Ligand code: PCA
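Here you get one chain, nothing else, as C-alpha cells; it is the form predicted on its own.
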Amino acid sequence: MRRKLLKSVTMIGAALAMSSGVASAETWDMPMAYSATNFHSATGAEFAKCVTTGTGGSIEIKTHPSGSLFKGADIKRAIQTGQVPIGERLLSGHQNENALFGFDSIPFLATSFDDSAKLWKAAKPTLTKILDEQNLVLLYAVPWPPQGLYFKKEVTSVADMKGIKFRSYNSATARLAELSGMLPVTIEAAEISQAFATGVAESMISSGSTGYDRKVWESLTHFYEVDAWLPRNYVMVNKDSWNGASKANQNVIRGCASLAEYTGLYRSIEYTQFTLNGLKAGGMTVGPAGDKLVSDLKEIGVTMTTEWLDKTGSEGKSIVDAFKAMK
C-alpha cells in the first residue's frame, strides 16, 4: 500500500512539475507541538518533503517542531485564523471547545491499535464535519501508543494517587486527576522535562513515547501500562489556503497525507515496545498495573464515559454505537 501511494504521489508530482513550469512558489509554515525526534514530528517532516517534491516546489512546507512557532494550545487557532496555513495538533486538547474532540480519550473504550482504528473510522465523518465548519480541512491523523501512568513512587491503587501533582493535556486527563484525588496542572509537551525536574508536576498519563523523548527517568521512577486510550494527533489545513491550491496540488497533498497516516501508524506500533524498553534502560520500573489499580481506574472510566456521553448527546452515542458494532 505504501509503495502504491508513493508511486501515485511521485507520478502526480512529475506531471505537475512538467506542466506548471514557472508557477509561483508558496511557503507553508507548519507548527508542531512535539520535539523533532518524536515520531509524529518525523512523520510530519516526511509529509512536508513529500508535498514539496510532489508539487514541484510550488508549495514548500516547512515544519516547526517543539512548539517553536506556536505553542501546542495555540496551533489550531493559528490555522483557523490563517496565521499559518497548516499545522498539527492533539485535538483532544480542545475538548473544552467541543466535547466530541475527546472521542479518542474515553477511558478503556479503545485500548489497542485495532480498536483505535475502528473508533477513528466511526468518528471520522463527524470530526471532518466539525472541522469543516471551523474553516479547517482534515488531512490525516496518527494515534499515539497506548497511554500509561507515570509516577515518582510505587502506586498500587487510586488511593495512593491522592494529592499528587498531575500533568494534564486535555479535559479528560484533568478530569481523571480530579476523580483520583490528584491535582491537575496543564503543561504542554515541550515543557514536560522542566516541569518534572522542578516539581511543578509529579505524574502524568501518556505514552511511552512521550516519556522516552523527554527522558523522564531523570525525575520519575515508575511507568504502569494501563492502556487507557490511544489519542490522536491531527494535521489540518486552513480551508482558504486549501481552496487556493490547484486541484493537482490538492491531489498531491492528499496522496502525501495518506502515506503519512500509513507510515505514522506503523511507526506508532513499532515505537511502543521500543520506548518502553528505553524507559527501562533509563532505570524506570516498567510493567502492567496491578489488579487493584486497574479496577479503581476502570470505575473512574465508567464515570468519565457517562459524563462524555451526556455532553455529546446523540452524536457521541452514534460514534460509540458505530464503534461497538464493528467489534
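Residue indices: 1-based, along the sequence shown. In this text, all values refer to a predicted model and were calculated from it rather than measured experimentally.
In what follows, reference is made to the form predicted together with pyroglutamic acid, a form of this protein that is not presented.
- You can rule out all but one of 127 to 135, 162 to 170, 78 to 86, 216 to 224: in the predicted complex, only 162 to 170 has residues with a heavy atom within 4.5 Å of pyroglutamic acid.
- Proximity of 144, 147 and 231 to pyroglutamic acid in the predicted complex is complete: all three residues have a non-hydrogen atom within 4.5 angstroms.
- Taking the partner from the other structure, pyroglutamic acid in the predicted complex has a heavy atom within 4.5 Å of a heavy atom of residue 210.
- Although the partner is absent here, residue 116 lies well away from pyroglutamic acid in the predicted complex, with no heavy atom inside 4.5 Å.
- Although the partner is absent here, residue 47 is not a contact residue: none of its heavy atoms lies within 4.5 angstroms of pyroglutamic acid in the predicted complex.
- Within this chain, residue 189 lines the site of pyroglutamic acid in the predicted complex, having a heavy atom no more than 4.5 Å away.
- Proximity to pyroglutamic acid in the predicted complex, taken as a non-hydrogen atom within 4.5 angstroms, holds for one residue of 123, 176, 256, 90, which is 90.
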